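Shown below, as structure tokens, is a lone chain in the form predicted on its own; questions about how it binds or moves come after it.
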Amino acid sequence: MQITIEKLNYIYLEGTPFERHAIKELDLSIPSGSYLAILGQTGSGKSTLIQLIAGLLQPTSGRIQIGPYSFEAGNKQKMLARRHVGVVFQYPEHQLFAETIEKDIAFGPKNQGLSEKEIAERVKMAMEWVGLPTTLLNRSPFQLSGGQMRRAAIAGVLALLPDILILDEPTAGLDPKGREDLLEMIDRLHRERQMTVILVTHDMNAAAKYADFLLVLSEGSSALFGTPAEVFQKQEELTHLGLDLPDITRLIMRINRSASLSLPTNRFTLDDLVESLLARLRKGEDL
């Protein structure tokens, strides 16, 4: 589903001494089936924005269009749009509550009024998507490892079959292997199901590797927007915003400086970097 945001504003505690303008005149277009990473310092408006897109907050002014549904201040269509959006907040395993994994994942589909057969199919399908074996169906979610608990919580969101999946720092607290596995899983779901993914992250490496587009927020406004190649070319602006470059970009820039090369900096995996070096060798150029 295409997401279009026009002149969006959100003000916390409007009209009080504690008023705070969290989102300011934001315009944004997210193509259907794309992968957007939202970056920015703490307090930049990232969490507020995803709650607005998910219909959990009502815009102070401006408009959000999700597919055929348009909502703004006083408009009730956000309830319809919400059916198409799944949200995974930080530490989603803290929201697990049922006595078995099956019952936990089935909670959402059951509230949708699906039949027992449909619910069972959704549960098994969601577990398959997140890489949990169905032998765990009757296991307590609290007997799982941390990474498995997070996958079970995400499966509960996926069982609702959202067209748009929003994740707020989904790898927080995981070890490096757990982070990599989870991000690979999200990327696979994005590609296989052609699902729109919106990822809030502080991880520049993940943003560079997986996202089609990056949005950098600063004080509630769009500071930078574009492809990873476009955004990570703007080192000075990123530094001013308190953000770093991906590890691979910094490595390429160091190689270019030390060896007087001009390797392209829009390579975001080691395999891509190696291919760039091999391409130079094939052309007979020095390294």
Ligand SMILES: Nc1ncnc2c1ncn2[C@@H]1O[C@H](COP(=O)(O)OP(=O)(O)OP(=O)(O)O)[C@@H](O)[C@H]1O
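The first residue of the shown sequence is 1; numbering continues from there. Values in this document were obtained by computation on a predicted structure and should not be read as measured data.
Separately, the form predicted in complex with the ligand exists; it is not shown, and the next lines address it.
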**Prompt:** Is the ligand close enough to A22, S44 and H202 in the model of the complex that each of the three has a heavy atom within 4.5 Å of it?
**Reply:** yes
**Complete:** Note: exactly one of S222, Q65, S34, T48 sits with a heavy atom within 4.5 Å of the ligand in the model of the complex, namely T48
**Message:** For the interface check, one of 36-44, 224-232, 241-249, 258-266 should have non-hydrogen atoms within 4.5 Å of the ligand in the model of the complex; which one?
**Reply:** 36-44
